[in-house]
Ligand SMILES: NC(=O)c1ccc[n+]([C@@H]2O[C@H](COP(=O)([O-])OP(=O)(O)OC[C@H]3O[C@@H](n4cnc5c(N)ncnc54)[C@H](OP(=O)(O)O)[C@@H]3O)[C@@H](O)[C@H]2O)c1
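A lone chain, given as structure tokens: the form predicted on its own.
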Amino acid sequence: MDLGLNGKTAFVAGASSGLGRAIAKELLQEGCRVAICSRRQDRIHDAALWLREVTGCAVDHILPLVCDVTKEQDIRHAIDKTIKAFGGLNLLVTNAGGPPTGLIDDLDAKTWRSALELNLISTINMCRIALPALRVSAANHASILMVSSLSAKQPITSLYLSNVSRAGVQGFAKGLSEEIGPEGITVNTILPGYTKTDRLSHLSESLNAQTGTPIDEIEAGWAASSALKRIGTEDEFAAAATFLLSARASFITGQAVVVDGGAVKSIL
């Protein structure tokens, strides 16, 4: 299937590892030029080298950028550099690391604000800043994909910060899809379930420290919660994300697509 992505330009946030890097890899393999960003120069540089090696892409098809997505000026600079390097922008992938775990008595006001800045406000700012360039590209395909979490659809105990901030992303995405849909720009969210990433390893370690439950039992419980009885892979998630960004998904917008092996049990 030709996804119609060859020659398109993408900006992928939070791409030094995990799901963001996996999406960048899929987009490069489809012929996109991709800007990737992370807070740390060393990590994003290493990610760019890894992506060039595994995809065989041309050096000028990947642009590593240092950007703290909680800082509006960093986002603006990164988007501007992407447009300058590649001549425009077709695809925006908003993504950031997950907030810490904790129950209500563990989380003070500063922690709540930090989580909302990381997962909700950063998403809003990336969309606001990238939108003028996406509007220019809309006639030749433009799409926004927000990486969220299944916790937005099925809240998870001890993930208060994620439950709340991700739900906010869902509300923003739905409203934005209605506003810019007439301009031909699609807006969707993608909700990963339990997927084998560094973030998941950190989460299991955190839960082990809080509860004393062995890590292998925690991960076995996650696997058992899905219909497929296993934890997903980064590549499986990235394949779904790339389709949603593609021209073949041009009539899909305003949707929250769960990629979780059947962990969410709601009918709709």
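Don't overthink the numbering: it's just position in the shown sequence, from 1. Computed from a predicted model, the values in this text were never measured in an experiment.
The same protein has a further form, the form predicted together with the ligand, not shown here; the description that follows concerns it.
Contact check for A240: no non-hydrogen atom falls within 4.5 Å of the ligand in the predicted bound form. A residue is said to contact a partner when one of its heavy atoms sits within 4.5 Å of a partner heavy atom; Y160 fails this definition for the ligand in the predicted bound form, lying far away.
With a 4.5 Å cutoff on heavy atoms, E217 does not count as touching the ligand in the predicted bound form; it lies far away. When the ligand is considered in the predicted bound form, L28 lies well away from it, no heavy atom lying within 4.5 Å. With the partner left out here, the ligand still marks one of 181-189, 84-92, 111-119, 132-140 in the predicted bound form; by a 4.5 Å heavy atom cut-off that stretch is 111-119. The single contact residue among A96, V169, I79, L176, judged by any heavy atom lying within 4.5 Å of the ligand in the predicted bound form, is A96. In the predicted bound form, the ligand lies within 4.5 angstroms of at least one heavy atom of each of the following residues of 53-87: C67, D68, V69, T70, in sequence order.
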